[in-house]
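Structure 1 and structure 2 below are the same protein chain in two forms, each given by itself as structure tokens.
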Structure 1
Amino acid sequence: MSLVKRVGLALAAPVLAFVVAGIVASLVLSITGDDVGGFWDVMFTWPAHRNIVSILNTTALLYLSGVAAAIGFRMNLFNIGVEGQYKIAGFAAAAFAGEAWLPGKLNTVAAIIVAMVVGALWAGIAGVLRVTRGVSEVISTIMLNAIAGSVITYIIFKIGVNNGNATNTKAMPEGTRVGTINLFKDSPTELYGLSLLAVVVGVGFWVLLNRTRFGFDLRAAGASESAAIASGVNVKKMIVIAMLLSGAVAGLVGLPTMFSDSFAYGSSFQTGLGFTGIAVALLGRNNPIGIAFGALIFAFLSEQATLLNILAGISPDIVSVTQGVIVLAVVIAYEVVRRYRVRLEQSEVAAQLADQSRATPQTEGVAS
């Protein structure tokens, strides 16, 4: 298959998904009597500098969440516990940082490590249950999400600080906080310093998948567990390690906002990123670069949603509808494109075999 065809097939699925999502969104707006033209005008309006920074901040958070989900997907594990993992990890990191047991940035580094360890251990519970008791990670991670919320609520009311409006962990000291990056001088919004963790995680994820034995085993076991076992891969061990890695990355999701903005865990802690990360991973096909594009698209849609009601009088809920349709459409589109690719490859192989069969008698005749 030529390079042009391969590129075209790679782009066909996401383009088809966005076209379908756009058509569905327009139909919903038409049915409800909203301004379809106003919706698209807002969606295609170039964001202001402050909005661009907000998009980048959200992209970083969604990228971390998407990679956490993708690690499980690569192993054929459906880790939908990213939500609970990053919540309990963020709480642990905030509680540790607030105690200021270590000086300055050393306290920051230790808190990040605490978040990764707690996230890994919380996800590891599901991995251990899967390999020892055969419990589906879907069931266990759903339950762990609920348990994480209850554990956080219980502990935070025991050790938290009541500021009148809410109960939070102790505010982390000034030296522990991570500064922001001023991308635009006229923008009051700045890039979170720990957003750069997304770049580090992205590079690490690519190296892990493509340059390590573990990454090869991960992809092999995800593609065919029986074939991986036959080739000597310890699949049970891989399941546990994959869940631990997924949880460790999930533990980073809430840190950029917390260390550069809220400086504590409480009612302002952003939720819902774990479930959105699953959609981002699906949209990006569990590929480090694809996930980046998926995170950017979802962040852009979320940011523009805040302008819909102001500029066009449209409920921002339509963006949620659009995001859901994109995920559904991209899954279907990729399957359609995959089947088309298989048929195309089969046709090319059949054509090559036919050419060889026609050429063989002539070759034999010359030889004789």
Structure 2
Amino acid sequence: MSLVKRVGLALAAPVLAFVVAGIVASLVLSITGDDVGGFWDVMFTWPAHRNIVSILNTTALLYLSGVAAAIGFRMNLFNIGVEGQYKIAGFAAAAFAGEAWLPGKLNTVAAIIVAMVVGALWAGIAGVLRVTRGVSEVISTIMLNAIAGSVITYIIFKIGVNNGNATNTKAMPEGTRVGTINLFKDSPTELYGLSLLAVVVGVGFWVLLNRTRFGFDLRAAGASESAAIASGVNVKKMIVIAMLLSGAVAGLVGLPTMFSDSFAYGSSFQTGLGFTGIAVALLGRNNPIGIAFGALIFAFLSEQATLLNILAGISPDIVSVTQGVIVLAVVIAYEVVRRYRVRLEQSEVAAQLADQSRATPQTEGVAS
């Protein structure tokens, strides 16, 4: 296959998916009697500086969440529990940082470690249940999501402080907070310092997958458990480690906003990132770079939802519809393109064989 053809095929799937998603969104809008022109107007307007910053911040959060889900997916584990893991980890980190047992930035680092450990342990429960009792991690992580919410509430009413109508953890001291990076002078929003964690995690995920024995075992066990066992991989151990890693990364999801903006865990803590992360991982095909694109697209759409609502009078639910359609369309488009490629390869091979047989008819004749 020529290079042009190969690049074309690689791009075909995402392009196809977005075209389909665009058509479906337009159809939904025209059915609900909304302003289709306004929708595309807002979508194609280059975002203002402050919106670009918000998009980047959201991208970082979704990227972390996407990687957390992808670590499990690579191992064939469906960690639906990123939602609960990042909530309880964020809560633990906020509670720890709020107590200010350690000075300044040491407190920050310790809080980040607390978040990773708590996230890992919460996910680890599901991992251990899976290998010892055979409980499906899908069920146990969903249950643990609900339990996380209740546990947090129970503790927060014991140790939290009332701030107006909200019950929050104690605000972390000034020295523990992480600064923001001012990308544009005229923008009131700034990039959260800990958003850079996404870059670190992304590089780490890539190295882990492609440059370590563990990453090889992980991919092998994910591709075929029986083959992995036959080649000496301890699959049970891999399951627990994969869940722990997934949970540790999930633990980071809530931190950028908390350390640079809200400074405490409370009712304004952002939820839903864990579930969106699953879609982002799927969109990025569990690949470190792909997930980054997936996260960027979802962040862009979420940011536009607010503008669409106010500028074009379109419900933010339409954006959720579009996000869902994109995920479905990507799955289908990749399958369509894959089948097309297989057929293309087959016909090329067949053509080559035909050429060969035409070029050497004598030998064939002798052989038969």
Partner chain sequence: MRRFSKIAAVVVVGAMALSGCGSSSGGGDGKSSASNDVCKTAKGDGPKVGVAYDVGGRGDQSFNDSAYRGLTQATKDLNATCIEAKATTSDNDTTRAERLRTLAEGGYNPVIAIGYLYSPAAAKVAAEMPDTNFAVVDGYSTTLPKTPLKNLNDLVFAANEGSYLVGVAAALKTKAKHVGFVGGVPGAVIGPFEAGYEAGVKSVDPSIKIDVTYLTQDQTDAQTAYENPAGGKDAASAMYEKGADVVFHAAGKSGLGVFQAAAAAGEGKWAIGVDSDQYLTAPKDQQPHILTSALKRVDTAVYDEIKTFADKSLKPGFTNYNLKSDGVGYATSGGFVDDIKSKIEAAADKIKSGEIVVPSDPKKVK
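Please note that residue numbering is based on structure 1, beginning with 1 at the start of its sequence. The term rigid core refers to the maximal set of C-alpha atoms that superpose within 1.5 Å between the two forms. Predicted model only: the values in this text are computed from it and were never measured.
Peer 1: Structure 1 or 2: which one is the form predicted on its own?
Peer 2: Structure 1 is the matching one, since it is the form predicted on its own.
Peer 1: Answer yes if the Cα of Tyr340 shifts by 2 angstroms or more between structure 1 and structure 2 on a rigid-core superposition, and no otherwise.
Peer 2: Yes, the C-alpha position differs by at least 2 Å between structure 1 and structure 2.
Peer 1: Aligning on the rigid core, do we see the C-alpha of Val24 shift 2 angstroms or more between structure 1 and structure 2?
Peer 2: Shift at Val24: below 2 Å after core fit.
Peer 1: How many Å does the Cα of Leu353 travel between structure 1 and structure 2 when the structures are matched on their rigid core?
Peer 2: Core-aligned C-alpha shift comes out at 4.9 Å.
Peer 1: What is the Cα shift of Leu9 between structure 1 and structure 2 once the core is superposed, in angstrom?
Peer 2: The alpha-carbon displacement, core-superposed, is 2.6 Å.
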